[in-house]
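Just one chain is shown here, as structure tokens, and it is the form predicted alone.
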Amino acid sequence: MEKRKNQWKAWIYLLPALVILLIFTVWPIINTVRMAFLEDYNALAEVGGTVFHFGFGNFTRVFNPYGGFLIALVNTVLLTVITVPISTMLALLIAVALNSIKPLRKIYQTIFFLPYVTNSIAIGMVFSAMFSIIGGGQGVRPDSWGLINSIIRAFGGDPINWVNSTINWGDGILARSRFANMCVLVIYIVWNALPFKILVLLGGLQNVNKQYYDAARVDGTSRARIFWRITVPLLSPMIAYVVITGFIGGFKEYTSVVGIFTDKMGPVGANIYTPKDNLNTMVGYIYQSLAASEGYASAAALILFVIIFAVTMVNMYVSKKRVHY
């Protein structure tokens, strides 16, 4: 009887949190699924008494080859597939380096963790300023090549039009380049993803039994072999975790494009309705779709959920085969 009484107390204590979760988490998910299957759904019209019929029209509209969804999907997949392996490998190498030094370790950890607590849009604006060409135009040389191009020119290289529209001055033209645009995004996303991954991997390294390393050194094992045969297998649970969360975060990428290229989701002055200039991601596409129809946006959101769920399941299946606990 006393145990049952305590259980009721526990449920009473949890009730406020459960109510909040139901209102702001569970119900929006259910409502999103509902809206996705209502043809041309509009919330204001529904309040006015309009009845919407069940159907798959929203999904058909999303997969329209001229609607921009496929471009956003390709952009998102490219950014995810490129940035997750690079950021994971860099984070692992930095974590190993930090774990092997004692002087100033705390200071270095703080420096590497700073991007994680800094506003993503603000960081994107800084990156945009670093890669931007200031001034310039028809027959007019730029007032400033920007920090990155200034470094390139200092070493004798030619400037690159990273984020600007086409620059045309008297003795040269710098056209837009989708490859350069994607490079800026990759650098930003990798840099922004490093702090969290370094923190997770460094925590795992500090819990590894040092006897494995001592035995390997006694046997004269090289550092490269120690890294691949001891460090990586023992860290495989943490590596699997950062890879899975990295793919989930990659498919939800949005703030990086907004921070660097503004809400136009493409270079300033470019025609973002053409594939080579459109840098929109799937989350950005969903936000833009809200202006047309909540049902249309909900269908795109549901598709994104299915993609993320499928990729996560594949990652977890592979992890079971490769992770050593």
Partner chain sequence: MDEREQNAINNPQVKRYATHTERAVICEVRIERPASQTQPVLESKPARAKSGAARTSAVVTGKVMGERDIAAVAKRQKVGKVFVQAGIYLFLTVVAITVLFPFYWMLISSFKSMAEYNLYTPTLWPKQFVWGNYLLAFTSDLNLGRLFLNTCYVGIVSTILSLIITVLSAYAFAKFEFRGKNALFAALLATMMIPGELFTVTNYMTVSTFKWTDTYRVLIVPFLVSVFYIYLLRQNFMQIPNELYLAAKVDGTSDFKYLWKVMIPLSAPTLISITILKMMGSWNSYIWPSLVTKKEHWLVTVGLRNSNVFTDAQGMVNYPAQMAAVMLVTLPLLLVFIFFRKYIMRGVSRSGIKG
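Numbering follows the first chain given and starts at 1. The term rigid core refers to the maximal set of C-alpha atoms that superpose within 1.5 Å between the two forms. Note that this is a predicted model, so its numbers are computed, not measured.
One more form of this protein, predicted in complex with the partner chain, exists but is not displayed; see below.
- The partner chain in the model of the complex is not approached by Tyr285, whose heavy atoms all lie more than 4.5 angstroms from it.
- In the model of the complex, at least one heavy atom of Pro115 sits within 4.5 Å of the partner chain.
- Looking at Trp228, you'd find every heavy atom of it more than 4.5 angstroms from the partner chain in the model of the complex.
- Contact between Leu70 and the partner chain in the model of the complex is not found at the 4.5 Å heavy atom cutoff.
- For the marked spot (Val84, Trp162 and Pro267), a heavy atom within 4.5 Å of the partner chain in the model of the complex is absent from each of the three residues.
- Scanning Leu147, Val232, Leu78, Cys183 against the partner chain in the model of the complex with a 4.5 Å heavy atom cut-off leaves one residue, Leu147.
- Along 24 to 44, a non-hydrogen atom within 4.5 Å of the partner chain in the model of the complex is carried by Phe24, Thr25, Trp27, Pro28, Ile29, Asn31, Thr32, Met35, Tyr41, Ala43, in order along the sequence.
- Taking the rigid core as fixed, one finds a CA shift for Leu18 of 2 Å or more between the shown form and the other one.
- For Ala45, a C-alpha deviation of 2 angstroms or more is recorded between the shown form and the other one after rigid-core alignment.
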